[in-house]
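To begin, one chain is listed below as structure tokens, in the form predicted alone.
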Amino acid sequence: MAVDKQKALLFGGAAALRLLLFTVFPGLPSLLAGRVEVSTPVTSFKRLQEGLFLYTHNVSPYDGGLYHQAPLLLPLFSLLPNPSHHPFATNLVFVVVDLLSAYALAQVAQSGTAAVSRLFSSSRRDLRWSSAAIAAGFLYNPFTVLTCLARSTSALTNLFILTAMAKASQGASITFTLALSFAAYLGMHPILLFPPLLILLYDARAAKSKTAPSAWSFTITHTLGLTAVSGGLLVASALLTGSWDFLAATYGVRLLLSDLTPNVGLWWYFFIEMFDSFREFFLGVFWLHAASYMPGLTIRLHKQPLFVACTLTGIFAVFIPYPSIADAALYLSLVPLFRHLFPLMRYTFLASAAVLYASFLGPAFYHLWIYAGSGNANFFYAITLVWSLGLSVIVGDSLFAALRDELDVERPELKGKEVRRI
């Protein structure tokens, strides 16, 4: 079967599956939009509808205190029919977003930068999956499908992150800058992907030209470009809303954690139990912890910039204030890019078992707490800890595999031998 025909069937089947679920189970999107595992205060489609209602009635969308998403989403979704009465157009938008995300992921896989970069070439580089298989892993991932059905705006953030990765691997500076700016505008935390993806972009540009561009001028130019585009998006948002109040209602909520709605993350329960006098200190500690991985990983693994960016998405899925299964879906869809590292990973069964265990028991524990009344918040928080443990094991295990892969290239005589840190 030709590759193009194979991909056409793959993408067509994924679109048909989503549209079929939307049609056969019309109440499912509303149900999933209310699930804390799928929707968060900063990505919920129900809250987007609340903001859209206020926006279309010439009231500030942030006056209701529920809408915490980017202002520029409002004019976009206001062009669509009311999803309560005519949901097909809105459903189709999110289906197309998933297909575009999978296409961008396939482009990353085709670039081959997962195993071969300008400064590093894995000894296992021939061990890889096709771009169609990588795209299928994303499109048919249950977490991705549930995110699409819930119409969470995390799907848009994931689309721009994957597009930024694809364009960086291709050396397309302008589209990379635009995509990452939009991702940071919607989610804020993707800005931490800029350093590793900038290195990836630099490597791709250097491979295309006979002489590598100046590293300093390249960095300054793209930093200024990212700043300009991000600033333009913020100015456009201020013009749309008529004030700068949206900053506190969108990014301020993420930074200060003013909405303590339960989610699959680690922050909400901790700050519910926190005394107010310690709140600012621990907010700083939590944010410092979440952001501190980027510099160390980028410096240590600068020869593998795509791996660093993918690892950071896994860290985001655990340590950002409002994570959901959409963040985990993004990371778990990027892991198969590094098929050459799988033989070096040691705790695959443990991590898989923990993620599956939490996936099935999470909704049950939430039901016991909220609906049955036979449990408390500790039930649900305990299972989110297991969920975070599973993702953390995958992140840590893949880091070990990447470092061991580098060692096998630098010290071939140690290949296949057990290495212990002293």
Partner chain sequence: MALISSILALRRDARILKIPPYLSALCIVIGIAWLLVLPLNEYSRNTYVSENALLPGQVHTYFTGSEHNVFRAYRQEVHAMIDRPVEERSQRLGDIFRSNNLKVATQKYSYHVSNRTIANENVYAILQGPRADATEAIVLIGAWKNMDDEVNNSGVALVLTLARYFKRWSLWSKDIIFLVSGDSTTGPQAWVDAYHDGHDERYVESLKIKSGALQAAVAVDYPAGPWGHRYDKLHVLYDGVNGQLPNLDLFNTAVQIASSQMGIGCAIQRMFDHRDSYKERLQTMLRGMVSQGLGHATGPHSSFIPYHVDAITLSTVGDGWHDEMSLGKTIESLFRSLNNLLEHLHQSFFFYLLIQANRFISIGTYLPSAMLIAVNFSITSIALWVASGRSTEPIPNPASTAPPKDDSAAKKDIAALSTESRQPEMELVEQDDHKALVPKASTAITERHLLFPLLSVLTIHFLGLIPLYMFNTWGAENLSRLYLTFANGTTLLPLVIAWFLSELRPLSTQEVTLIQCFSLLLLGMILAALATLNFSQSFLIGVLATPLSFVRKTNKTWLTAIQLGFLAVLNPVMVAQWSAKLLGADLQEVLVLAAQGWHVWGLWTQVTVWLIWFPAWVLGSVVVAGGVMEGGLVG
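Remember, predicted model here, so these are calculated numbers, not experimental data. Residue numbers count along the first chain shown, from 1.
What follows is about the form predicted in complex with the partner chain, which we do not show.
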Worksheet item: Would the partner chain in the predicted complex be within 4.5 angstroms of a non-hydrogen atom of every residue among 6, 345 and 357?
Response: yes
Worksheet item: Hey, in the predicted complex, is residue 28 touching the partner chain, heavy atoms inside 4.5 Å?
Response: no
Discussion item. Please determine whether residue 140 contacts the partner chain in the predicted complex, using a 4.5 Å cut-off between heavy atoms.
Written reply: yes
Fill in: 4.5 angstroms heavy atom contact with the partner chain in the predicted complex for residue 128
yes
Worksheet item: Is there a heavy atom of residue 136 no more than 4.5 Å from a heavy atom of the partner chain in the predicted complex?
Response: yes
Worksheet entry | in the predicted complex, segment of 96 to 104, 334 to 342, 237 to 245, 222 to 230 with a heavy atom within 4.5 Å of the partner chain | 334 to 342
